[in-house]
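Just one chain follows, in the form predicted alone, and it is written as C-alpha cells.
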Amino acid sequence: MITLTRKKANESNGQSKRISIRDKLLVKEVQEMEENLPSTVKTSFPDSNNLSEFYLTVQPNEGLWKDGRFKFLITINEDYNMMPPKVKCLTKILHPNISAAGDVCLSLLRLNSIDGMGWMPTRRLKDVIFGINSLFTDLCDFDDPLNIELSEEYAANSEKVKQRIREHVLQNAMR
C-alpha cells in the first residue's frame, strides 16, 4: 500500500513529485475503507503505488444475485473529492441499475441528483463501496432504472425476470 512516508522518501531521493490533494485524501480514505469493508466486498489494487484506480468485487450472499461475483473498476480523477469517482461494472450483468455497457446508476455517483443524495465533497470512498454493495439488496430499484427494458419486463412478469437474472448469474458471474 502506498504511503505518504514513501512518497516523501522518494522526493528526498531526488524523485520529486508533488503530492496531490487527491493522493493525500486517498491514503487516508483507502485505509478507512479497507477497515470497514462489508463481508460481501473485496478490493484489489493493480498498482500498490496508485490508489486512484482499483477493482471492487461484490459477492452478494442474498437476493437475486446471490452467489455471483461482480467486478467493478473504480477510477478517481485528480479533481476528487469535488467530483465523484467513476465506476464501471466489468461483469456481464442483468440489473435494473446497471447498463449492458457497465454504467452504474447510483445517486451518489452523480454530481447533481434529483433526490438530493448526489455527490458532495463530504462523501468518502466507503460511501461509494457501501452504495455499490447495496445495489444488490436494498438499493436495487426496478422503478427508477438505467436498464429500462429489463424494468419493463419486470413490471410485466417479475417471476420470469427473476428467473432470467438467476440463470444469467449462473452463466456469467459464478464465484
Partner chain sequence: MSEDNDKTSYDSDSSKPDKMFTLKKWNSVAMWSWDVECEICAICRVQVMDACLRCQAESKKDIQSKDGACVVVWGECNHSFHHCCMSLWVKQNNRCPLCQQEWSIQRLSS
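Residue numbers count along the first chain shown, from 1. Predicted model only: the values in this text are computed from it and were never measured.
The same protein also exists as the form predicted in complex with its partner chain; that form is not shown, yet it is the one meant from here on.
Segments offered: 143-151, 40-48, 65-73, 25-33. Contacting its partner chain in the predicted complex at heavy atom distances within 4.5 Å is 25-33. Looking at its partner chain in the predicted complex, residues I21, L111 and P121 each place a heavy atom within 4.5 Å of it. Taking the partner from elsewhere, L90 is found to have every heavy atom lying beyond 4.5 Å of its partner chain in the predicted complex. Using a 4.5 angstroms limit between non-hydrogen atoms, N97 is distant from its partner chain in the predicted complex. Shown alone here, C105 lies farther than 4.5 Å from its partner chain in the predicted complex, counting heavy atoms only.
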